[in-house]
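Each of two forms of one protein chain follows alone as structure tokens, named structure 1 and structure 2.
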Structure 1
């Protein structure tokens, strides 16, 4: 990595990307080797030492202080912030950084633990950029950013590189690499496979290498096939656009099954602050609807309220069973619901439990005592089916890479063919093949009768589901859109520039 360049670091989930940059930034201790800065050996006892030395890492999972406000967290991240600072000055920093970097940072007084994962990621990025480091490392920074925010971030990174800083970017999005990076390094199983200037290679070559070095190539091809299969959808006599040609969704109006998910006059309680409209919609067995939104506009809150994690008003029915207004995740699951949260570490998994224990959480085998052999067999089957890279079913969930943790959550939630699947950012942090495989698994579940509601901040991802989509802006849903809607049009709707 040289001054004045943006260096992209690529590789499949579990290749060692996050471990490598965590060592460089003083968050982990290396087993061997050395770190050189400017030709001289460098060693950092912790991340604070690295930050003071001008090297800052924006991790894939934010490390904000949940009980502190946005303003306080940004003050903690800004090395130039005075020890004694007024509340007004801290609030002013939030607005200043939001404007400088083109990032929506939310209410300055809001607690970090009450914010969606995308907003927390933006706060981490703004805090890192505020310090003007010589070396800036970003681990999947755009996974939950809007197209406009991604463009603004890359403009800021280019400006820093042109001023002599070095930028390392971990991403699974090849379009970003070839649009904004100068050089790239491809890792596989902890080893460097290829390093070159971006101008010396092509997306096709790098994509081929990524697939060659991942165990998910077969699933990747199946995922592409599954997405294309959706293009065969048709309209029922009632005018409902179908997501695919499953037998569940192709029935005539006369034999149409009861909806799997019904929202009537629905609104999360949290949405009252933005005067969000009330939502009425239904999904039949086998249907999928994609909600596309910049995090913080209410799509994730809608998903959480349906899953019983937030209070709501109106009516929610899952499999014909009305759910309590106060929010009850157990009632949602008892009615046949499954939920993939945006924050896999905090809400999706119990890091201190083993993989077999995490996968058994919804329905542990055994009557009086846990059936450990059955748990292990179930875990091995699910982990293998989803291509999770793991040492043993007894390994702690917290020991997996972020992408493998995401696949583990999905492996658990789809194990029992739920009637309704609500998934927020289901492919966040996944490599090319794994993301396609996850989409394929979700679509396979729909072909078996599951109704799915998927939330994403990525227009490309939304389109790849091949299903009807609706943009959410400040709690309001757009009319249903075709998956072929141009990305530019989707971006304008996400930004509230079109009604």
Structure 2
């Protein structure tokens, strides 16, 4: 690491990126080895020591006090804040930091938990920059940001680097690395595989290295990778799904299958606040629709309302069965619906139950006592079919990595060949290999007749489904877009600059 550079840290989930930076910031203790800074030993006993020495880490988890205002949160994050501080002084800090780093921090008096996730992220970064750190480490800061927000973030990081700081950035997005970083280091299974200047390599080379250092599913992934950044073809593991959906259209003309999902004049109750339009659409068996939106624009709410987790008005039919307006997830499931929630740890799985118990939900076998042997056999069969890496069906769901947890959720949700699959951010936070595997499971299900509605905030991700897209902005849906629409155009629609 050198002063004045932005250094990207890449690698799959579990490669050791977060662990490495946690050790550097004094939050974990190294088993061996040493850290040098400016030529001298620099292992910090705790995060406080590291901050005093000018090394600040912005972790993946939330750093804000939800119930406190923006002004109070920045006072909390600013290491130079005085013991006693007036409300006016705290408000002044918000304006000062916003100006100094070119970050839009919102209303100083707004409660942090009422703010969109992008603004929250900027507040955390402004708080980290407030102490003028010499070393700034950001762990996946862009996972939830829109393209414009990401560009603004890189601009403020560049400013800090130009002032002599070293910036470390963990990310899964190669495009960002090549647009904004100076050097990169690739980690795999805890080892450094490659370190070089960004100008000396290509996305193709790094992408290839990322995948060859990932266990399994290699060949198939190379296909996906080829589609992702290098060609702008909308290719998917199973082949071209444009043809896939048009095949279906031809099929439907011939056999007239009933639509799997029909929305008529539909609007989630929560969306009324943003005066959302009523939505009418239908999906035939095997059809996919991708909703693309920055968090907070109501795409998640639409998905949750269809799955019976929010109240709505209008009409939702799954497999021809109308669902109750008050929201009834059991009615949704009984009609043949399956749901993959955004938060797999909290909502998708019961972390404290075993894999076989999770897979047996919601209707475990057995009349009075659970039929454990049947649960175990079912779990082994499902986990194998979905390529989950696990120690035993008795292992706790919470012990799996993010990618394996998501595959487990899909293994359960797709077990009964659902008519409709609603998936919210199905690949968020997953590395390339896991994301591709999750996507291919969804596409497989669609090939055997499941209609799917997927929500994502990542334009690249949205294109990889190779299916029609609709951008959601403030609760309104755009017209259906081709999967080949350039990401820049999608970004403008997502930000409400067009359409």
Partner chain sequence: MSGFLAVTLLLAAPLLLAAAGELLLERAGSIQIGLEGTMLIGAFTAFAAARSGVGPHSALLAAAFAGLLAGAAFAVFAVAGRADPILVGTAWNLVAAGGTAFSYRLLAGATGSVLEVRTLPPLAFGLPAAVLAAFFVPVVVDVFLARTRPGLALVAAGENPLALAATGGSVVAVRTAASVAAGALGALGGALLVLTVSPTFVEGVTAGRGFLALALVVFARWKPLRLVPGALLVAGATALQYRLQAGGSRIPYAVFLALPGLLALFALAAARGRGGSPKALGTPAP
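Every value quoted in this text rests on a predicted model; they were computed, and no experiment measured them. Between two forms, the rigid core is the largest collection of C-alphas that superpose within 1.5 Å. Positions refer to the first chain, counted from 1.
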Just one question: which structure is the form predicted alone? 1
Core aligned, does the CA of residue 46 move at least 2 Å between structures 1 and 2? yes
Large Cα move at residue 466 between structures 1 and 2, threshold 2 Å, rigid core: no
Can we say the CA of residue 492 moves by at least 2 Å between structures 1 and 2 when the core is superposed? no
Shift in Å of the residue 107 Cα between structures 1 and 2 [rigid core superposition]: 9.4
For residue 152, what C-alpha shift in Å results between structures 1 and 2 following superposition on the rigid core? 3.3
